[in-house]
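Presented below, as structure tokens, is a lone chain in the form predicted on its own.
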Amino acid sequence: MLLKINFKSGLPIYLQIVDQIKAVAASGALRPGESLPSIRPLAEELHVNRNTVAKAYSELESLGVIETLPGRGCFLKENHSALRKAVRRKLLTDEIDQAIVQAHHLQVSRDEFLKLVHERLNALDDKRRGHEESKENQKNQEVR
């Protein structure tokens, strides 16, 4: 698991760890039952105090994201589907907010911004359709 700490962000380090682990869990990159890195090695890797990582893990446990098994370590809990949806929504909301602020700074009007969003969604749909057609053509060639 690759975590990145931004020491200049103003967000407490333990919350950065919490948010990133929640994002990894929500994306499915970390599967239920998988272990998280031990506190000491993670702290050394991130160049932070062990207590900071321990605080992040404690927060994740209180949120029901992970469970600690004495002598074995910390593991992603089996049932966190509600969290997954909430985290995905928050991640997307944060990205949208950044895009809106950027559009404001670039003096892009609301209508122009929404038009651009629709264009990008349509481009994604076209790309997805092309990819599906390509996969279908590959299957047909393999059958022959």
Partner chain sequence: MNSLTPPIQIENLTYAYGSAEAVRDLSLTVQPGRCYGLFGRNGAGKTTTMRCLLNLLRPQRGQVCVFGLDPAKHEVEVKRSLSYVPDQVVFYPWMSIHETLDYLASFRPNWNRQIEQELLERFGLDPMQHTGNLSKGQRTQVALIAAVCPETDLLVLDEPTSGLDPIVRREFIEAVIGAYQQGVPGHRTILVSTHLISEFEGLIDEFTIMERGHAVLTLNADEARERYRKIRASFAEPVPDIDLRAALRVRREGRDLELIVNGGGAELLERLRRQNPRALSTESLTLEEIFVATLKS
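In this text, rigid core is short for the largest set of C-alphas that superpose within 1.5 Å between two forms. Nothing here was measured: the structure is a model prediction, and the numbers come from that model. Numbering follows the first chain given and starts at 1.
This protein has a second form, the form predicted in complex with the partner chain, left out of what is shown; the following refers to that one.
Asks: Within 4.5 Å of the partner chain in the predicted bound form, heavy atoms considered, which of N51, Q98, S27, S62?
Replies: Going through each option in turn, the one that passes is N51.
Asks: Name the residue from R110, R40, R89, R31 that puts a heavy atom within 4.5 Å of the partner chain in the predicted bound form.
Replies: Only one option qualifies, and that one is R40.
Asks: Even though the partner chain is not shown here, does it sit in the predicted bound form so that K8, I13 and E44 each have a heavy atom within 4.5 Å?
Replies: Checked in the predicted bound form: all three residues contact the partner chain.
Asks: Answer for H105 alone: is it within 4.5 Å of the partner chain in the predicted bound form, judged on heavy atom distances?
Replies: Yes - in the predicted bound form, heavy atoms of H105 and the partner chain come within 4.5 Å of each other.
Asks: Aligning on the rigid core, do we see the C-alpha of N49 shift 2 angstroms or more between the shown form and the other one?
Replies: Result for N49: no, shift under 2 Å.
Asks: Is I39 displaced by at least 2 Å at its C-alpha between the shown form and the other one when the rigid core is overlaid?
Replies: Stays below the 2 Å threshold, so no.
Asks: Any chance the CA of L106 moves 2 angstroms or more between the shown form and the other one, core superposed?
Replies: For L106, whose C-alpha is compared between the shown form and the other one after core superposition, the shift is 2 Å or more.
Asks: Have a look at S9 and L106: in the predicted bound form, are their Cα atoms closer together or farther apart than in this form, given the change is 3 Å or more?
Replies: Between the C-alphas of L106 and S9, the gap narrows in the predicted bound form (3 Å or more compared with this form).
Asks: Given that the shift is 3 Å or more, do the Cα atoms of Q98 and L46 end up closer or farther apart in the predicted bound form than in this form?
Replies: They are farther apart; the C-alpha distance rises by 3 Å or more in the predicted bound form.
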